[in-house]
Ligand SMILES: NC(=O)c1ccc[n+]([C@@H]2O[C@H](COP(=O)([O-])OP(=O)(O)OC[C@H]3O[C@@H](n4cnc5c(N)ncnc54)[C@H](O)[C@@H]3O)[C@@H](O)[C@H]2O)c1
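Next comes just one chain, in structure tokens: the form predicted alone.
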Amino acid sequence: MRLQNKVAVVFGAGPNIGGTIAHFLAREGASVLVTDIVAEAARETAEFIQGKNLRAAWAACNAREEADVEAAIRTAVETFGRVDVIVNMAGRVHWAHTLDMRLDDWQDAVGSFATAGLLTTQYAARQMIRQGQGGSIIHLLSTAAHFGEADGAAYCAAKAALLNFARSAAMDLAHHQIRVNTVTPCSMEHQLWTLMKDEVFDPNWKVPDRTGFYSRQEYLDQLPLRRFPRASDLAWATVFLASDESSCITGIDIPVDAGLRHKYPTWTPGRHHPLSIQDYVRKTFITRYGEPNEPLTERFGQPRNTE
């Protein structure tokens, strides 16, 4: 019950990262309002949490729209009486080579992450100031906030903007005892079955002719801990930042990336501790809201033979 009597709002709450964070916040005693631009996703997450006999409500919300964010914070107050924690992971992703980037896609990506960061912070902080007891604001980033990535100019710019926005907001809000921090994952384990399953399971799969492409094996070989972060890993970091255990921490970023960011750049852990992506997925479970649902191989079959 590390978050007993606290109220949290999660912006972006599907069954992977956002929903898992909402579930773990509720497990630790918080009452949680889950929001998503897709109303059904928010409703499903709230019902899952309620099914665990935990406190949750839901609201449809586009975190880029001021009226939606204002309404979400108001709903949290009307439902649960206050707001102590917000978690924001809203934004739109666009991938393209710098020379091919469409201006409207650029503006959509860069504007979405930074705008959602501003609005969620503003309306949460104003409510926290009215309450007079401080609070915790947490933004989810990406390794793209810290590095350049081929074909990722818009995404890297957007996440870097959110990183430095959070640092500045931490300074502006510190005298109100409102803490602003960030959490940075790298490529996630759930992407093995949501985005990248073909390269592991499809026997006819071939490497795409694209500058920024890398395989799951290449990515795994860069991770010192030899595993991808799970949604539950991000949820535990978020619980810590939401709790009073981090009451003297503001303006920081917690990397949840299996050691990726802090290794020596030219060191490849996989050369010293080999692990094939095929063996990795054989031991991997599909998860929903941070709970194992089924073995990955039951859904997609055995990984393809690469020998």
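All residue numbers are counted from 1 along the displayed sequence. Being a predicted model, the structure only gives us computed values, none of them experimental.
We do not show the form predicted together with the named molecule, though everything after this point is about it.
Asks: What stretch, of 123 to 131, 84 to 92, 97 to 105, 172 to 180, brings heavy atoms to within 4.5 Å of the named molecule in the model of the complex?
Replies: Result of the contact check: 84 to 92.
Asks: Using a 4.5 Å heavy atom cut-off, are Ser31, Ala57 and Leu118 all in contact with the named molecule in the model of the complex?
Replies: No residue of the spot touches the named molecule in the model of the complex.
Asks: Answer with yes or no whether Ser246 is in contact with the named molecule in the model of the complex, where contact means some heavy atom within 4.5 Å.
Replies: Because no heavy atom of Ser246 falls inside 4.5 Å of the named molecule in the model of the complex, the answer is no.
Asks: With a 4.5 Å heavy atom cut-off, would you call Thr297 a contact of the named molecule in the model of the complex?
Replies: Outside the cut-off, so no.
Asks: Evaluate Leu141 for contact with the named molecule in the model of the complex, applying a 4.5 angstroms cut-off between non-hydrogen atoms, and reply yes or no.
Replies: The answer is yes: Leu141 has a heavy atom within 4.5 Å of the named molecule.
Asks: Wondering, does Leu275 line up within 4.5 Å of the named molecule in the model of the complex on heavy atoms?
Replies: So Leu275 does not count as contacting the named molecule.
Asks: Taking the named molecule in the model of the complex as the reference, which of Ala258, Ala63, Val239, Ala46 has a non-hydrogen atom within 4.5 Å?
Replies: It is Ala63 that has a heavy atom within 4.5 Å of the partner.
Asks: Residue by residue through 172 to 197, tell me which have a non-hydrogen atom within 4.5 angstroms of the named molecule in the model of the complex.
Replies: Residues within 4.5 Å: Pro185, Cys186, Ser187, Met188, His190, Gln191.
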